[in-house]
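This document starts with one chain, in the form predicted on its own, laid out as structure tokens.
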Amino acid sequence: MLRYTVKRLIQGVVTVWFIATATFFAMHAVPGDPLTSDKAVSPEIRANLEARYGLDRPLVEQYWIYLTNMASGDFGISFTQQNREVNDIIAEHFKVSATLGILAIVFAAFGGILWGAVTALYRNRAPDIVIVFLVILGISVPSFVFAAFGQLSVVKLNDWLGFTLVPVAGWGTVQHMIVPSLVLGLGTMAFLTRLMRSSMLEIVNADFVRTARAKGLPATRIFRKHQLRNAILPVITVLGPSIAAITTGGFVVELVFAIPGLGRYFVQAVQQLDYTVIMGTTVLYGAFLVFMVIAVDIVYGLVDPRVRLD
């Protein structure tokens, strides 16, 4: 177990290094200049800015400085936000995105496992047909459509009640988190429901399930101990990447609901060619995704005794 964990961690470090390297050279290959602004800049000021940010040095030397700073946890200073380090931007705004993502993945995982099991148990009957239709709808409709519909529903609800039960936008209270987390988790919940349904249908008529029934075990125990535990393994496999995707991929939802998360700053950095913010957030997202995949691999071996992590 320890050997496997160390091996996967080394592979994860190599993957993060590749992401950082690809991002660095891709940013320097993009046409444009991060120091270009609407105001005219004299050659002297431009030279001082290039010297401060190290842009006057050879590309290989910039790359080495970038890797050295990244290894020590320093992503540099933002090109567009005055006297603000990338680490400060990440520390201040990633926790907002992470909070929203955790709430969304809890909603998605609970709903996906529950509705997937229900559809499998009531196959080809009314609950199965209705839930499968909603699953197809949830997978097909983009998140920004759900975000707009969610805001419209909140406005109608508040008007009908005569007071603000749930805020339309903003951040800071539990009420602000409810609708955005539901909207962000809908697509993932639909995908997990479909996956859980397929897995449950394979398990329902398995030999060990029939044996358990033949022994006279209660239906609830068969469902909980034999069907659910084995059917949930594929869900656990994709849950790690899903957590990373939801936590770091709610850009549209954050913009629609005016949430001060890290996604908004990433979009602004891309528009303004803020190299340091782009590279810092990209490496953070990549490292978070790699970590979640490794964590899921380890948990997979603990949940399923048949899996041996060698």
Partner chain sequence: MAAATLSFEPVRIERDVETVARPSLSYWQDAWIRLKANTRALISLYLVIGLLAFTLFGPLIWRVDPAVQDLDQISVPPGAGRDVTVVNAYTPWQGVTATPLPGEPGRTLAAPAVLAVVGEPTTRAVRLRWEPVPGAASYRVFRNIFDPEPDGALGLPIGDVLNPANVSFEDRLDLKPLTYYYSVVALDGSGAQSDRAAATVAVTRVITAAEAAQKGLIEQASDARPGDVLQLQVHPLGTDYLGRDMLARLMHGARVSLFIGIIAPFAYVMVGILYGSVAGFMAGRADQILMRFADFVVALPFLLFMILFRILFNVQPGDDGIYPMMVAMILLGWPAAARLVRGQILQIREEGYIGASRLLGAKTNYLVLRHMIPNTMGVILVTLTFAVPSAIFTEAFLSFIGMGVAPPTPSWGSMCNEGLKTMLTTPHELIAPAALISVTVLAFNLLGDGLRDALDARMRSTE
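Residue numbers count along the first chain shown, from 1. Because the structure is a prediction, the values reported are computed rather than measured.
What follows is about the form predicted in complex with the partner chain, which we do not show.
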Contact assignment for the partner chain in the predicted bound form, among 51, 270, 65, 258, heavy atom within 4.5 Å: 270
Proximity to the partner chain in the predicted bound form, single hit among 139, 102, 233, 222 (heavy atom within 4.5 Å): 139
Segment assignment from 111 to 119, 171 to 179, 194 to 202, 223 to 231: heavy atom within 4.5 Å of the partner chain in the predicted bound form: 194 to 202
Residue 19 within 4.5 Å of the partner chain in the predicted bound form, heavy atoms: yes
Heavy atom of residue 60 within 4.5 Å of the partner chain in the predicted bound form: no
Residue 69: touches the partner chain in the predicted bound form, heavy atom cutoff 4.5 angstroms: no
Non-hydrogen atom contact residue 265 with the partner chain in the predicted bound form at 4.5 angstroms: no
Partner contacts for 259 to 287, taking the partner chain in the predicted bound form and a 4.5 Å heavy atom cut-off: 266, 267, 270, 271, 278, 281, 282, 285, 286
